[in-house]
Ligand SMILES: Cc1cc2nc3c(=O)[nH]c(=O)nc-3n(C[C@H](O)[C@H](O)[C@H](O)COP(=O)(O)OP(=O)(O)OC[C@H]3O[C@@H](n4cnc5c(N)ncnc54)[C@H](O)[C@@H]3O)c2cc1C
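Here you get one chain, nothing else, as structure tokens; it is the form predicted on its own.
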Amino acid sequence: MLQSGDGLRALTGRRVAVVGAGPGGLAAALLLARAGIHVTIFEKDPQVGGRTKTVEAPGGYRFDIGPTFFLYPQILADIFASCGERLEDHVKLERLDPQYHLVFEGAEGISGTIRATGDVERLEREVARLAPDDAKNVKAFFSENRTKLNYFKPVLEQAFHTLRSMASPAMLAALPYLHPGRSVDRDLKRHFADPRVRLAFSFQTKYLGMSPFRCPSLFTILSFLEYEHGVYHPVGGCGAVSEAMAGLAGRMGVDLRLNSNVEEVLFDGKRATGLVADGETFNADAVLINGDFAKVVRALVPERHRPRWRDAKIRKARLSCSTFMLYLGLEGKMPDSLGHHTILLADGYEKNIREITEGTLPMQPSLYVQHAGYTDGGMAPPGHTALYVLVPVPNLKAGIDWAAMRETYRALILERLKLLGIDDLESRIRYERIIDPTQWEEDFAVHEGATFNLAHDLMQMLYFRPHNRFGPGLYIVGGGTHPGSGLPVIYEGARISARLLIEELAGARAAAAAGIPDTAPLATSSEAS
């Protein structure tokens, strides 16, 4: 614990209630506890992590429920370091190489593949097998995006709770690299002529639930971040990270209350002063909400206390797509060609994405497969496989009757998996779970089943996204606030929210003294590993 200075003494005895033990809530709790604040987390489930948890199914199969890629661990490592701990002492992270296998479907079957790697020379050879001329531009793409990321990193680290922040020095310095009129795909055309190669550097926009043909060109940095800094697998699943954070929080004195249902946030005038959980009032100096913004904040915060995000605006907000999920426990092993992460990119990918955006269920969908047992033998019993299958689909605003389509779509996906060499699945299934968009909303409190939260278009980013400081004494973390979705970005958002909360309770000097770390200048590829 910090030695109290003038600012930190003002935090002694202060209490903060955190709603939700997802990645953002846990990260913020660590930082607040580090500053000397008494933190209580209220989590409705019997397990921490939110959608970033690993569940054990009958038969001994283990599955990540949501995120399976772990990117740029430096931010979380810095949070652990600020608490006097090393992330690597709590979680074993395996850097994947190849980081994933891209399979491109053509009119007559598979038209090509790329085994993506951070080894630039090997990556150039992979690209050259599809498009020799494009391979010559890989290094130029990396160089350009290295510069772009370095300019945007300070933007992603700052708060945007006032309009003046849109003219911050960091924002003004980054503006020349923003190109608001360009999509990711259009930006990539300056480097790569082959649409398959462009997809290798743009499918990552689906992490935001967006189309590369509409997503702002800023987000070419997503693929660069993977290639430059690596894709990792936390041994035991991404839930191991959440469990490690919760364990450290407990040792730091955080009170974690599982199976605790928060019913409302309480206010005195305009200020949040606590909450009601399971019928009991909990008074606090501030409340921090970690949950799907449009679902949870609307449920807990009366409309009069969110004047910038009233119900009508939330209903009109542009949302990400949803996903159709299969979690399969299989007898037997997978073909040797199936790596840890495999992405099948459908023939006519642009049409596929347009269908999702316009609310049509694609019948020749792209899909993603995680075979975690390729790297981590603890995800299934010996001789068995835990297979995770994700298919991007429209969110619930499309009005698709999932009760009627569920079995038909399941059969379609099993058929599509044959393109990856995964045959005779039906007879080998020993465990199966399906999550469709209706279940994302009903079972996981995801508004309209939009699994990647609010869309990340320019008018729902930065100042125009729900603010980290949502009101007096009220803060939010998670994919619905700045900087946005994705685990490293959510951890960054937790730092922003924690810093603002401490400033409100005790002043800027206390926030500076509270040990909330800034990430060092971006590591090189070798340092990040």
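Each residue number is its position in the shown sequence, starting from 1. Nothing here was measured: the structure is a model prediction, and the numbers come from that model.
Note that the form predicted in complex with the named molecule isn't included here; everything after this is about it.
Of the candidate stretches 138-146, 161-169, 180-188, 255-263, only 255-263 has residues with heavy atoms within 4.5 Å of the named molecule in the predicted complex.
This chain appears without its partner; in the predicted complex, the one residue of Gly36, Pro466, Pro483, Pro67 with a heavy atom within 4.5 Å of the named molecule is Pro67. Within 4.5 Å of the named molecule in the predicted complex, a heavy atom is found for all three of Gly20, Met325 and Gly478. For the chain shown alone, Tyr100 is not a contact residue for the named molecule in the predicted complex, no non-hydrogen atom being within 4.5 angstroms. Among heavy atoms of Glu504, none comes within 4.5 Å of the named molecule in the predicted complex. Residue contact check for Phe63: none of its heavy atoms lie within 4.5 Å of the named molecule in the predicted complex. Under a 4.5 angstroms non-hydrogen atom cutoff, the named molecule in the predicted complex has Arg51 among its neighbouring residues.
Applying a 4.5 Å heavy atom cutoff to the named molecule in the predicted complex picks out Ser485, Gly486, Leu487, Pro488, Ile490 from 482-505, in order along the sequence.
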